[in-house]
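In structure tokens, the next block holds one chain alone, the form predicted on its own.
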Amino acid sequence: MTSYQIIPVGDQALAIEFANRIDPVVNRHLQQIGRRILKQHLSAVKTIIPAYRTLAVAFDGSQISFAELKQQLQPLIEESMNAPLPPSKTWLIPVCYGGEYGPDLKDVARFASLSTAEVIKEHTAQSYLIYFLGFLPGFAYMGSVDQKIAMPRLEQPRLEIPAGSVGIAGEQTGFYPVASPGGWRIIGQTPLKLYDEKNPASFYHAGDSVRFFAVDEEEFQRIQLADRLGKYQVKAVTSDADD
């Protein structure tokens, strides 16, 4: 079983911490541990906060101590680590790359000594695990892109990036659900509305995966219109954990 430690984070939270590396299998076990903790409905546990390799558990310190909660969580963690992983879902996300939709695509191509078409091929060649959500509502931290196109963040972040923008930051890739400042290298944009304030729950979750596919501008406009009218269904495929 992968080693871990449980450490206090102040007097109202603890962290279940794994080795300091981005590992999709460890993260999926971590997600499974989080689900098991929530299913226990422990009255003292307020919430859980997953990240790449840690799971923070916030608790009410007036109900339970760090040592008591640690003792309760250890068997849950070990059961979760030894249990098979559930099937995973992969969302298929359309992206229009380059031009006004992806102002940094040419820079990424120069960085990688590739053509822009080759960068698009690299970015769409694999699925990316959603390690966790954060920064913005529905902002999915995904990885890992091929080392060739793992370009660092901009030295000077942009003041505003359009909603739906798809970017790269090192080995991470992700999309901006709403317009916001940002320093990721923007290589494209999805026509999908990823955040709706009237229905803020995302259709994707940490532990799911995303696979991007390229569309041209005409297809971008068609999908965007259909999506806004509620007539576009985002496709997903489900596969066994070991696939």
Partner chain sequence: MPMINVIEPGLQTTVQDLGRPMHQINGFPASGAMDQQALQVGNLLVGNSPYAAALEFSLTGPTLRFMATTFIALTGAEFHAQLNDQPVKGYRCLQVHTGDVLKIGPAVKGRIGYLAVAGGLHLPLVLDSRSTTLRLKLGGLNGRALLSGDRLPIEAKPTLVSYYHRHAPLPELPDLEQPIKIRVLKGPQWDKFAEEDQQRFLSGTYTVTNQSDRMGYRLKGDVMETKQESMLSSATVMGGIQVPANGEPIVLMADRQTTGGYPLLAVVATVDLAKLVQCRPKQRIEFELIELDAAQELLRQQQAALKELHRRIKKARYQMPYGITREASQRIQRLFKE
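Quantities reported herein were computed from a predicted structural model and do not represent experimental measurements. Numbering follows the first chain given and starts at 1.
The next section is about a form of this same protein that is not shown, the form predicted together with its partner chain.
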*Taking the partner as it appears in the predicted complex, which of 112 to 120, 155 to 163, 125 to 133, 88 to 96 has residues with heavy atoms within 4.5 Å of its partner chain?*
125 to 133
*Looking in the predicted complex, any heavy atom of Ala214 within 4.5 Å of its partner chain?*
no
*Close approach of Ala44 to its partner chain in the predicted complex, 4.5 Å, heavy atom*: no
_its partner chain contact at Glu197 in the predicted complex, heavy atom, 4.5 Å_ = yes
*Is the gap between Gly230 and its partner chain in the predicted complex 4.5 Å or less for some heavy atom pair?*
no
_Residue by residue through 44 to 64, which ones have a non-hydrogen atom no more than 4.5 angstroms from its partner chain in the predicted complex?_
Lys46, Thr47, Ile48, Ile49, Pro50, Ala51, Tyr52, Arg53, Thr54, Ala56, Phe59, Gly61, Ser62, Ile64
